[in-house]
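Next up: a single chain in structure tokens, the form predicted on its own.
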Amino acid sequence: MSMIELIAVDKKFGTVKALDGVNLQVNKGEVVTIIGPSGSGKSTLLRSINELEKIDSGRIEVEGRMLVEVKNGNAKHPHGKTTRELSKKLGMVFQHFNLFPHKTVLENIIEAPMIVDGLKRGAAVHRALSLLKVVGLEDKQDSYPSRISGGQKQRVAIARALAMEPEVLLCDEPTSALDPELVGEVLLTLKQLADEHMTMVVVTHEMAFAREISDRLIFMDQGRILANGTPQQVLDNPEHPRIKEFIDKFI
């Protein structure tokens, strides 16, 4: 079953085409990672899926239903209730955590379920504590973000995204803001989610992680998808010279 589908999606920033006719399908329970050089459109693609970036043309579907379609500069969305319903299926983990500094770890996680979903505090706390256990931070519930490490902050951000019970987790270079020694703990958390068949789309520069976690690997350059296959197909037998050039830098 297709969870996400992009059809002929274009996005420009000025004269630069960040996305150039992108077609992509992500199936339920699948882990798709996106690699490529800086400025290739990876993050723009991810941010376009949940409309943090507004596309210039094309169509994006969630579970076979239109989230947005843009033709001739005119954007079409479904009824407001449907848009909210589809958007809630998408959770986002950013590069830079974006935790509220004046709220504890627990308060950061329960905020959205209570405000957006109207969840009672007791139920929200129960959900948050369960998720803190999943990410290995049950002892940090009363800590403030300034008192925990970068890796711990990112794991809290993952728990916060999961607290909205999304069906897809979008991760935009979740380890790029971390010191090297903290990367492993975040990657382990994401691998655990992958092992539980969470549908994920992950933009990453961690090649070993991409190889290990991915059902499919996407290589992007200049706004286009140059390869879409298993990690072995893309990394071990690259057909496009641009991919080989990129991979050789990591060997």
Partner chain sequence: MNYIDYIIATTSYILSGASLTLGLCAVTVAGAVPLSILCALGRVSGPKVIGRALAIYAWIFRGTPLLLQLFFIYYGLSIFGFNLPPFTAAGLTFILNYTAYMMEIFRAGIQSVDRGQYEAAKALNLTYWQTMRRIVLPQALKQSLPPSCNEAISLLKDTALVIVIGMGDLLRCAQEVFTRDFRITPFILAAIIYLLLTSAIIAFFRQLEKKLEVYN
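Positions refer to the first chain, counted from 1. Here the structure is a predicted model, which is why all the values come from computation and not from measurement.
One more form of this protein, predicted in complex with its partner chain, exists but is not displayed; see below.
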### Query
For the chain shown here without its partner, which stretch in 173 to 181, 148 to 156, 130 to 138, 82 to 90 has non-hydrogen atoms within 4.5 angstroms of its partner chain in the predicted bound form?
82 to 90
### Message
Contact with its partner chain in the predicted bound form for R47, defined as at least one heavy atom pair within 4.5 Å: yes or no?
### Response
yes
### Query
Going by a heavy atom distance of 4.5 Å, is P101 a contact of its partner chain in the predicted bound form?
yes
### Query
Does the 4.5 Å heavy atom contact test between E111 and its partner chain in the predicted bound form come out positive?
yes
### Query
Does E51 make contact with its partner chain in the predicted bound form, using a 4.5 Å heavy atom cut-off?
yes
### Query
Considering its partner chain in the predicted bound form, which of M164, A75, L119, V125 comes within 4.5 Å of it through any heavy atom?
M164
### Message
Please determine whether each residue of F94, I115 and R160 possesses a non-hydrogen atom within 4.5 angstroms of its partner chain in the predicted bound form.
### Response
yes
